[in-house]
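Next up: just one chain, as structure tokens, the form predicted alone.
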């Protein structure tokens, strides 16, 4: 949510206290790096940072539980008097036992067991002193006991806290007492200015920010159930503010792009136009959903404002032909189109398909990838720069500095979330360069074969227009999915042999390339050797050709393997998840996934989508290793029951969160600290509506709010 703040940055939420003049430093101090403060080690540099350092959980020390009322497993607070202190064992296994009793408890005694203690504690915990202890009580062999509770000396009838005790995220050397004092001081120093107008808070039934933060750091005991459920009004206020900042940034970026100019690429109406010729050449009819997306993209391309559209669809929904028609419209208008994919396998798949469709119609096609020879690459670069290559296909090599387009009108990015932030920024800069100093921005179409739930689309791609192909083409047979224990592995190998004997093909997916010292998982290299041996000699049948494909292979080796599999020369392809997207072999009708419990739902669905592309009934077998965790069992059950990618993506969002679902943690896209996109849909929609109103009615408040939550480094004008 927030970028790391430097101590020198002025905090936008509060009027800072008066600065004191700092003492002069010795010039030699410049060579001595300052030792980070305890709070800095937690990334807390300003009072605002500290105020937003919310508790992980709360302890209820607002009421006492008598010793006679203790129950096994409960977290309790109790007062009692020390009756005996004893050290047992020898170093390093010494432990301090402190026995407590209260006169009205009858025979009940509570033993505190401390494995780590100091000599001064032994002196303090002498018989006769009264302690107030808090911890989990359990019934041991020798009666009630607590292991390493929190404790303090108290007088008889000492008052209890009036609020819950916060427990903060911490690190070594930063005790909870230090954090509680730091938070109290920060809340006291901050001078609050609320950037959300009161009418918006009233509209959405939200409290003001100061009271929300004070409540979250010191809530009443009655608030505990709502806090644990994440539904307390104070929590909802912080979630709303975080989502509002995100929506403001995205809508501001959308508004900024409307001020940019792009080449108008009108759709030709003539029957002999390139898009019309392409429609006549493809051997199928577009679905209504595809036609709707084609029309939306065509309308955007005809505008002088640059298109920024996300085209998403389920596995096999037909996004490629929609992209091909957009490319044809661009080329027909006299401009170039570039398509970039994250892997060479996927880029090559697009290249084959689009070249087969468009080259016979007179469209010049160029291919760029890191595996090309210098001579091949220089020839391709020359064709791109001269404009002879009207359609440029490749990997991230398309956006490297030496690539210069003559007239780049449209860029298509497939599986866009797999590209890192730096690569996407490089793409934007490359696109500007591709218009040859005209000041025009090319249109941008991003595609995703990972269905994205609506809430995630709103939160992460709110600055984009979205087209969804939500209906599969006719004739696609649903893939049957079964969940099978790895104990039945031999039966499955025999099934693969029988299938390939009928002329069908199969995939066998492994989570690792080679053996791992830390993970006991089936790896592709060992599995390839095992299956090659098992299927080499079968009574009355010929040997099955078993191929191997993984990310560490050279590009030429991968390309040769895929060509052999596509041609039917390989009956069984053992692979890692490198085949997750883009591989299209209609004759493959069986997918086996090893250790399926280790994959997310969206990834399993993508892998399953490699089969079921022909007319034959296809199957996906999810091999699992016992025992399964409850989450893994739920995930595999969902795969067995659901075939709709959007329904599975929503389930994946609930189980794993957005960062894992789209790989955002790896791509560098910041996540949300407080809001939960699987649960806070209503707040996300409220934030979107408020952002639209604020940008019109109170643009300065909108800017301040975005700066507060996104950091001073946030570039409001060019987001």
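None of the values given here were measured: they were computed from a predicted structure. Positions refer to the first chain, counted from 1.
Keep in mind that the form predicted together with adenosine-5'-diphosphate is missing from the display, and what follows is about it.
- Checking 208, 644, 634, 584 for any heavy atom within 4.5 Å of adenosine-5'-diphosphate in the predicted bound form turns up a single hit: 584.
- Only one of 402, 285, 626, 157 comes within 4.5 Å of adenosine-5'-diphosphate in the predicted bound form through a heavy atom, and that residue is 285.
- Here the chain stands alone, but in the predicted bound form its contact with adenosine-5'-diphosphate, taken as any heavy atom within 4.5 Å, falls in 286-294 among 286-294, 543-551, 253-261, 110-118.
- Using a 4.5 Å cut-off to adenosine-5'-diphosphate in the predicted bound form, not one of 204, 236 and 455 places a heavy atom inside that distance.
- In the predicted bound form, adenosine-5'-diphosphate lies within 4.5 Å of some heavy atom of residue 474.
- Residue contact with adenosine-5'-diphosphate in the predicted bound form: residue 342 places no heavy atom within 4.5 Å of it.
- Although the partner is absent from this view, residue 319 contacts adenosine-5'-diphosphate in the predicted bound form, with a non-hydrogen atom inside 4.5 angstroms.
- Interface residue remark: residue 315 is counted as part of the site for adenosine-5'-diphosphate in the predicted bound form, having a heavy atom within 4.5 Å.
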